[in-house]
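Next up: a single chain in structure tokens, the form predicted on its own.
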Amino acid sequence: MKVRTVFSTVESLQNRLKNAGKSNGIAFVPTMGALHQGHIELVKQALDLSETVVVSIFVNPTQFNSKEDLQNYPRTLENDLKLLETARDVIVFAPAVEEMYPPNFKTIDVELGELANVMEGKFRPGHFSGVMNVVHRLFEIVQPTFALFGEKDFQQLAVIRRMVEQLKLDVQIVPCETIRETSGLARSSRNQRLNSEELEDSLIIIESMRYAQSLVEQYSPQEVAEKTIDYFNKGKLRLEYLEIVNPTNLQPLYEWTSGARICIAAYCNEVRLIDNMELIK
């Protein structure tokens, strides 16, 4: 099945969507491209929700803290479209920066509270402001009924939910489980920048999370975090943070609670990787 058309302007996309989604709404999958099988799983779940699925492909400059990271982020539109052909017919929106951020663009301001100051918020100042503004802008353009986000970016998912709640947006946020390689490594566009040896080194992330899971019944969250950090540091990656957090407000846990998550960010040479796992059902 071929992708119908790639829309690059807001006007052309909205014209296409005028009579779409009347029966069961529009399902939307926002991406930054460099698509992989994890994205395709999101698209398949979107197709289960609606016959009209929009996939956006836009590398958003406002959510990068590093110019080098932005420049190095893979842009593979032709391959992305070929991959999308495997998931049935979808509508693709691939705008330029000027189309997303016109001269009259107005930023939104959402009070994130405690979500803004932990993990990604602590180490990537301004990141979530960029994320919220681009997602809000995409929601305005697409007017989706459902929007699907992967749980690999667990804090981003929490931030988007907070934005939707505060701004009273009429869209249902649908979380989707992290898709992993058979090795356990979370599928990520950034994996394309890793060679075979680095991919092997990066398995310390999933190994550490599984190690933490094995300690839950014996130790407190703080003790598990400390022991897991020691375990992680035996590998070759450079740890940025490892936290065991409340699944709702992402604050560090001192007593175990249902849904407790371990969240990790680390560098494999210059490539930053993140992952998370539920420790208690």
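From 1 onward, residues are counted along the sequence shown. None of these values were measured; they are calculated from a predicted model.
Form predicted in complex with a small molecule: not shown, discussed below.
K.L.:
Could you tell me which stretch in 244 to 252, 225 to 233, 24 to 32, 43 to 51 has residues with non-hydrogen atoms within 4.5 Å of the small molecule in the predicted bound form?
P.N.:
Result for this chain: 24 to 32.
K.L.:
Should V164 be classed as touching the small molecule in the predicted bound form when contacts are defined as heavy atoms within 4.5 Å?
P.N.:
Contact check for V164: no, nothing within 4.5 Å of the small molecule in the predicted bound form.
K.L.:
Even though the small molecule is not shown here, does D153 get within 4.5 Å of it in the predicted bound form, heavy atoms only?
P.N.:
Looking in the predicted bound form, residue contacts with the small molecule include D153, since a heavy atom lies within 4.5 Å.
K.L.:
Even though the small molecule is not shown here, does F146 get within 4.5 Å of it in the predicted bound form, heavy atoms only?
P.N.:
It does not: once the small molecule is placed as it appears in the predicted bound form, F146 has no heavy atom within 4.5 Å of it.
K.L.:
Classify I179 as contacting or not contacting the small molecule in the predicted bound form by the rule of any non-hydrogen atom within 4.5 angstroms, answering yes or no.
P.N.:
I179 lies outside the contact set for the small molecule.
K.L.:
Looking at V134, A87, L115, L185, which has any heavy atom no more than 4.5 Å from the small molecule in the predicted bound form?
P.N.:
The residue in contact is V134.
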